[in-house]
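This document opens with one chain alone, in structure tokens, the form predicted on its own.
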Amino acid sequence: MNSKTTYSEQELVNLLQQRSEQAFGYLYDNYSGSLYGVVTSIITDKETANDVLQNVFVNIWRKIESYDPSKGRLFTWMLNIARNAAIDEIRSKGYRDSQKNQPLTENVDTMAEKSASVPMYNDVGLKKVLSRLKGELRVLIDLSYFQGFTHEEISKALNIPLGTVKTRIRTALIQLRTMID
């Protein structure tokens, strides 16, 4: 066995393409924390996030031949796989059904907590502006613009009429525009 503890990106990719289990272990040890962070920023349920992370590494193992260094770094490629897997999971019927089993208040509280902690807009000052919105409006903006749910998906998930979802999102956007100006 090779006792090398670090690899250049090209060495790591070559070894993974040769199906080196040691290289895969290195990949997991060095990148799982970052990829888990991406997954948990989208999926709050830890058990589901762990399952998604496992699937991410299986996909990396299976698709390593499709990695193209001319299009970006290995880490960026893996982040995209993790992000897409997490988004696919929250859009899946099974995930949505599991969320329906929670009482609405618990579901909204979880979404509100998540809305307040999404790093994409914490860093650009939008968190402060969004925190001034009422909780229900903040959740709708988060689901629609930061998590990528359609208005219909939000309507079904929160059991709110589609027209009400659209009206509340429009109201929230108008309020946000006023606050920013």
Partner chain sequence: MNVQEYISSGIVESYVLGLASVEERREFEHMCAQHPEVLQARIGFELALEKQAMENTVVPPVSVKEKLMLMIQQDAPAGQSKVITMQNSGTSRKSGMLRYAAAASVILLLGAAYFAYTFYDKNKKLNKSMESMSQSVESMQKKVDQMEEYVKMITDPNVSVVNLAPTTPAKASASIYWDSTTTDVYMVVKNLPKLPSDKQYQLWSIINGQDGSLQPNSMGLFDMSDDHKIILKMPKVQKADAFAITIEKRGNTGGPDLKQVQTFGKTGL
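Keep in mind it's a predicted model, so treat the numbers as computed, not measured. Positions refer to the first chain, counted from 1. Here, rigid core means the biggest group of C-alpha atoms that superpose within 1.5 Å across both forms.
In what follows, reference is made to the form predicted together with its partner chain, a form of this protein that is not presented.
Proximity of I90 to its partner chain in the predicted bound form falls outside the 4.5 Å heavy atom cutoff. In the predicted bound form, its partner chain lies within 4.5 Å of some heavy atom of T40. In the predicted bound form, its partner chain sits within 4.5 Å of a heavy atom belonging to G25. Using a 4.5 Å cutoff between non-hydrogen atoms, L53 counts as a contact of its partner chain in the predicted bound form.
Interface residues of 17-49, taken as those with a heavy atom within 4.5 Å of its partner chain in the predicted bound form (partner not displayed): Q18, R19, E21, F24, G25, Y28, D29, N30, Y31, S32, G33, S34, Y36, G37, T40, in sequence order. The two forms, fitted on the rigid core, differ between this form and the one not shown by less than 2 Å at the CA of P69. With the core held fixed, the Cα of L16 is displaced between this form and the one not shown by less than 2 Å.
For Y26, a C-alpha deviation below 2 angstroms is recorded between this form and the one not shown after rigid-core alignment. In the predicted bound form, the CA atoms of V38 and F146 come closer by at least 3 angstroms compared with the shown structure.
Expansion of the D45-I154 CA spacing by 3 Å or more is recorded in the predicted bound form, set against this form.
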